[in-house]
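Single chain ahead, written as structure tokens, the form predicted alone.
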């Protein structure tokens, strides 16, 4: 019997993999870390534990989005405003 949370975990992995393309330390570094994090928890079968791990992954997605937004904001600010002295 397949785990009903399997689709959710795969969705999370794909979303993180997509967001990792613009990671400051490089996509290869991010992909390696992502894979090791998922492989470390591959044997978890408790649905509550899986839900906690998925929630943590969703938090990481929000943090990455905030990081990218801040980077874009800083680039725009640097482009259009005088540097403060």
Partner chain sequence: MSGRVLVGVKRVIDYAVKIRVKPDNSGIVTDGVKHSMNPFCEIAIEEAVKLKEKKLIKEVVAVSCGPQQSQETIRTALAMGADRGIHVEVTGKDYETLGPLQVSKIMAALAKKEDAQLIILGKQAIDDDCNQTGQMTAALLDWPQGTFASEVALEGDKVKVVREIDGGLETIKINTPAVVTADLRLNTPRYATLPNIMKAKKKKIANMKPADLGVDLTSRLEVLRVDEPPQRQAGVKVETVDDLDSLMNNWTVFHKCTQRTSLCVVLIPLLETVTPEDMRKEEC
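Quick caveat, the model's predicted, so the values are computed rather than measured. Numbering follows the first chain given and starts at 1.
Only in words, not in the display: the form predicted together with its partner chain, which the text now covers.
*asked:* Taking its partner chain as it sits in the predicted complex, is residue 9 in contact with it (heavy atom to heavy atom, 4.5 Å or less)?
replied: Judged by the heavy-atom cut-off of 4.5 Å, residue 9 is well away from its partner chain in the predicted complex.
*Should residue 65 be counted as a contact of its partner chain in the predicted complex, where contact means heavy atoms within 4.5 Å?*
Yes, residue 65 is a contact residue.
*Taking its partner chain in the predicted complex, which residues along 47 to 74 bring a heavy atom to within 4.5 Å of it?*
Counting only heavy atoms within 4.5 Å of its partner chain in the predicted complex, the contacting residues of 47 to 74 are 65, 68, 69, 71, 72, 73.
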